[in-house]
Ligand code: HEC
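One chain follows as structure tokens, the form predicted alone.
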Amino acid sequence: MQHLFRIAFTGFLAASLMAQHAKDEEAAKHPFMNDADRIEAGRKAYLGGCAGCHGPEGGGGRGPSLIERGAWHPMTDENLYFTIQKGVGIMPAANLSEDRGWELAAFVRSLTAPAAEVKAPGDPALGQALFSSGAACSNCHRIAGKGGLSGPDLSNIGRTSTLPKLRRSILDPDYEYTPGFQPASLVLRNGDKLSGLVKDRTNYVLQLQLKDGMLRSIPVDTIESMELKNSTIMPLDYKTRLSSDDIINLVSFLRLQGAAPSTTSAK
């Protein structure tokens, strides 16, 4: 019995220490890192001085991508700040004021942090209205079991994506392909015509999700012809159909999907 008590106590102590470490780590973050206004100021500074090499969305160009995982990601906030201020390799020193330097660091950090962990401008209530009706996103995407089936489930998108990727997925949905959502049109040897999304494909069977959401397994040897489309079925005109405020509000809503309840209720 004493042995079991020691094991339980050790586990409780380890969990307590880990929780305290997480709190200490969060407290050590620079206050600008979760300040939407400071991040936005950093974005403007980035566009004016960094985008020429790293790309307007941080995807890279003459300089490396700041979105994909790289050597700088494990850096502490302080190391990131000093790297920006002092430069590294062929990257010149920014030599900004302390506040401007931290604003830029906060924006760069936001490029890879889960969207749910970064405060963002916009009105999530207006974004939800757009998702449900104005932009008709819910016709294809599901959140918490409600919505369509022809697009990826977005119930946890705030945890699995970043703010830049959320924005890019709306403005340029063909930029990154989501496995399991490639449109296809089939003609079977019996003359039947089918269309839907390819969920899985082997040498023997193709699994197709039909427009009504039903899955159908089709033996490959029964297919007469098949056309696979490389473009998404998501509308490509949101960049012109939606205003800049619409995009901001929609991203503000999506980033909350998968966020902790306290974060959601606070917004």
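For every residue, the number given is its place in the sequence shown, counted from 1. The structure presented is a predicted model; accordingly, all values stated were derived computationally and were not measured.
The form predicted together with the named molecule is left out here; the points below concern that form.
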Contact of Gly213 with the named molecule in the predicted complex (heavy atom, 4.5 Å): no
Looking in the predicted complex, any heavy atom of Gly55 within 4.5 Å of the named molecule? no
Test of understanding: in the predicted complex, would Lys44 fall inside 4.5 Å of the named molecule by heavy atoms? no
At 4.5 Å between heavy atoms, is Glu78 in contact with the named molecule in the predicted complex? no
Which pick from Ala120, Val108, Leu186, Ala116 sits with a heavy atom within 4.5 Å of the named molecule in the predicted complex? Val108
Which of these residues, Thr178, Ser97, Ser133, Ser195, gets a heavy atom within 4.5 Å of the named molecule in the predicted complex? Thr178
Check for me: heavy atom within 4.5 Å of the named molecule in the predicted complex, for each of Ile67, Ala129 and Gly147, yes or no. no
To test your reading of this chain, name the stretch in 200-208, 31-39, 235-243, 222-230 whose heavy atoms come within 4.5 Å of the named molecule in the predicted complex. 235-243
Is any part of 122-154 within 4.5 angstroms of the named molecule in the predicted complex by a non-hydrogen atom, and which residues would that be? Phe131, Ala135, Ala136, Cys137, Cys140, His141, Ser150, Gly151, Pro152, Leu154
